[in-house]
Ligand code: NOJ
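Single chain ahead, by itself, as structure tokens, in the form predicted alone.
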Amino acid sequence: MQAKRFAVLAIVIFWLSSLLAAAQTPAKGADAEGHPWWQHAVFYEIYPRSFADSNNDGVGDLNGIASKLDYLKALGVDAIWITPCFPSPQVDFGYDVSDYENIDPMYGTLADFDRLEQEASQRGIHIILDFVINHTSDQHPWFLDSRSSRTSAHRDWYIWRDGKGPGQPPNNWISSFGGSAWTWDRKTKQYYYHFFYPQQPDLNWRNPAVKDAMFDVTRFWYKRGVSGFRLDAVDTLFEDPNLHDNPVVAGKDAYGDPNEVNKYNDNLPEVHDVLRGLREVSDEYNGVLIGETWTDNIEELNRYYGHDHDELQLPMDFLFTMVNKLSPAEFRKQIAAVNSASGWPTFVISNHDIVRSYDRYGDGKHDDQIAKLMAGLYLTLRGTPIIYYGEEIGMKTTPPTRREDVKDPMGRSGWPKEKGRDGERTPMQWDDSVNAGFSKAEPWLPVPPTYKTHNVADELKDPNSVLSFYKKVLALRHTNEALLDGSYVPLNESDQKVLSYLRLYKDQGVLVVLNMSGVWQKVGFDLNKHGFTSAESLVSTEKSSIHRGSGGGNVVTLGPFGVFIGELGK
């Protein structure tokens, strides 16, 4: 009996110690303080057609990406988001997927992907894939079967409806890329719905079979080592089942269509049910979900985190990209708004659909200084940044000047008012050799002439280049706890020329001062109220400095569009 009691006691002690150990052990993929891996990560978006071409056919590929992993690691990148590389007719350059569980031959093979994943993993770099969840290609086997007959197994996997009358679509919904959002199918005598191109029919997410199949796609890639997904066009997953007409407002869009408010086919509440389901799968693999979340306000953005933080970990704050001028007041307003949300902020200033930040903020005279200024901003804020390839070297947007040169269907149909997105998708500029070192063959898009002055090889040699500044700020970001986890405290909020703030963490602090004007600025700071007396430069542009003022405070001097990032002292 005594031995039995000891045995039971031993089991209880073991059970209690196990619980204690579990409570003290960080979650899988978390750091010692319990932060998930993605919270401190720097993400980098790669447009695979344009990043690096390993086989010299003029189109970038997966092996090309693998060849640049050491560059990305040295830059300070922890995760790469690869825009769609699945098999596709390429009507929308991969955002029309015909097979979710393979690699398009132009980019390589599944074996190439596996090698890329292994090479990236060895360097501590996560891979994020772009998951097109709203629609497939019209060449996907699901849709080919769906349009084969009204009684086919996949008929209800898409949105099919009768028209209002002969030659009349079911309602007035307009495609995002011009024309009606409904296309007539002669064989089955019904219309199918597409928020985007006719070659991109929308999936019917009200069908449980669609949900199950798409969730299984994510499991397929998680098992191959993928660390998460950027979810494309999440706002558009559901449509009003009663097909009410959208409200029409004054004017016409770039394609000549009436302007509509997408009240009944965008941002419906059912979207959040799908996101919760995708998150459940993601959590099984310690993955992260990034959302392409176009919202009108922070309240809408906040919903994408989920009431119980059970939807997207990183919904993108595109409202930040809408501050298209160097305005301290506007940036303060937007930063305060996103910091008030319930989840961890995500900052982007460019991507494959947006004119590059170099052009949006540049003044034609101080463009490189302004590129450093923007890096000093979005890489020091509380949140996770996503860098668009080429941003770190100051790549320009270079749109085509003739309609016959346009590759993007969006530009072909909307020319000249809408020139398309070719300009922000040009090949990465690696050096000043032929085709900027991207490929020995003629690239799929022309290399901008700026590759002679803005390329990786030359900027690595220049300590004052945009690339060198990015590397310095990213190196600091990875090691400074105040930048990683500190609170955001705005300073001098009435200043119309200079944006400044503190990042405070425990007894540490960082002062960030950004001159958003083209003239010299001197700004005084009373750091005593925050428990500090001084600041010492950590990373600054060449004309920025700090000194003690006559009144005992600290004065930061900044050249035009200058940056000062300093460590606070007591």
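Position 1 is the first residue in the sequence shown; the rest follow in order. The model shown is predicted, which means the values in this text are computed figures rather than measured ones.
The same protein also exists as the form predicted together with the named molecule; that form is not shown, yet it is the one meant from here on.
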item: Option touching the named molecule, based on a heavy atom within 4.5 Å in the model of the complex, out of K372, H140, H135, R356; value: H135
item: One residue of D104, D368, D92, D78 in contact with the named molecule, assessed in the model of the complex (non-hydrogen atom, 4.5 angstroms); value: D92
item: Stretch from 278 to 286, 397 to 405, 379 to 387, 194 to 202 whose residues place a heavy atom within 4.5 Å of the named molecule in the model of the complex; value: 194 to 202
item: Contact test in the model of the complex: F177 vs the named molecule, heavy atoms, 4.5 Å; value: yes
item: Contact of E292 with the named molecule in the model of the complex (heavy atom, 4.5 Å); value: yes
item: Contact test in the model of the complex: R230 vs the named molecule, heavy atoms, 4.5 Å; value: yes
item: R425: touches the named molecule in the model of the complex, heavy atom cutoff 4.5 angstroms; value: yes
item: Stretch 551 to 570 - residues with a heavy atom within 4.5 Å of the named molecule in the model of the complex; value: none
